[in-house]
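Below, in structure tokens: the form predicted alone, a single chain.
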Amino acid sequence: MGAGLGGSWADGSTRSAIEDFVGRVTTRGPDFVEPADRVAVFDNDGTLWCEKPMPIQLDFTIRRFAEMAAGDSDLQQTQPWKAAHEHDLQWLGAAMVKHYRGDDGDLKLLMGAVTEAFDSITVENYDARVRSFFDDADHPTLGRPYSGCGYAPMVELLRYLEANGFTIYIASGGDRDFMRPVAGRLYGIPPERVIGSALGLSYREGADTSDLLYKAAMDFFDDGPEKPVRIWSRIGRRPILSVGNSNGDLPMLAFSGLPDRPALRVLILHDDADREFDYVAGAEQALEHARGKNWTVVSMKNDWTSIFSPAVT
């Protein structure tokens, strides 16, 4: 095993748990795992980058909702366009919290609107919109660009794992094609290793060109029990290390490892109101499960000496 975790990780039991696990699976002995099977999966929202006061993708999407509602009085009175038009961050953020507590009513409204917002847009056009958003948009309360809202300790963890023979995938409930254009810039993860939710696609061939266009329908929503399904369908291997932060990550964490193979499950706890946010809403079950199963819980306040990576261009 090479050098340990970087300087954004404080010395203590959490850092030791990660480094001890990596040492065991990379050293010949009873817990050794061949490099091909050293698969690690990471959630994205709230795990690799900031998700409050709303997920970054939601900000991108509601800007599109606001465009749609600008000249349509009916949409201005219909959720979620109403919230976007009025810049009601509380309603939008609460929709995700309700989802993680088992109430998908508002999330269904959001997902239905998303399919309408990007219907018939080509994959290249969508990619360009995402890149432009990250070039220009700032976080609404932290006073920093979204391109600087990735977590420095997590990027250090990604590099540490790669240096020890791990292959890393992002497995997120967020839109696969929203993450792909920026995952390389922010995390050093190529697009083919991004697993996420997805709109349906259709193929259109013209005389001189061919296109893939988004449909006004979800293909799949990569959260909860769907995460292990998508991980297996894309990778064909069971992870030995997984990192999440919410109830929706529980199935992914539980899927990591087997009785005869070591596994490390890590849960990020947002408990630093001064440097980021302090909340457990939407993570209550995950935290209870983690403590009952003796999984590793990372305190942002106590285990991270710094929070954010520099903005990237």
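The first residue of the sequence shown is number 1, and the count goes up from there. Quick caveat, the model's predicted, so the values are computed rather than measured.
Not on display, but discussed next: the form predicted in complex with a further copy of the same chain.
Engineer: Using 4.5 Å between non-hydrogen atoms, is V229 touching a further copy of the same chain in the predicted complex?
Structural biologist: Contact with a further copy of the same chain, yes.
Engineer: Check P259 for me: does it contact a further copy of the same chain in the predicted complex (non-hydrogen atoms, 4.5 angstroms)?
Structural biologist: Result yes; P259 sits at the interface with a further copy of the same chain in the predicted complex.
Engineer: Does at least one non-hydrogen atom of P140 fall within 4.5 angstroms of a further copy of the same chain in the predicted complex?
Structural biologist: No, P140 sits far enough from a further copy of the same chain in the predicted complex that none of its heavy atoms falls within 4.5 Å.
Engineer: Closest heavy atom of Y100 to a further copy of the same chain in the predicted complex, within 4.5 Å or not?
Structural biologist: Because no heavy atom of Y100 falls inside 4.5 Å of a further copy of the same chain in the predicted complex, the answer is no.
Engineer: Looking at 107-115, 92-100, 146-154, 172-180, which one sits within 4.5 Å of a further copy of the same chain in the predicted complex if you count heavy atoms only?
Structural biologist: Contact-bearing stretch, as computed: 172-180.
Engineer: Tell me, out of S132, S120, Q77, S233, which residue has a non-hydrogen atom within 4.5 angstroms of a further copy of the same chain in the predicted complex.
Structural biologist: Result of the distance check: S233.
Engineer: Can you pick out, from L201, M218, A163, A128, the residue that has a heavy atom within 4.5 Å of a further copy of the same chain in the predicted complex?
Structural biologist: By the 4.5 Å heavy-atom cutoff, the listed residue in contact is L201.
Engineer: Does any residue in 177-192 get within 4.5 Å of a further copy of the same chain in the predicted complex, counting heavy atoms only, and if so which ones?
Structural biologist: D177, R180, P190, P191, E192 sit within 4.5 Å of the partner.
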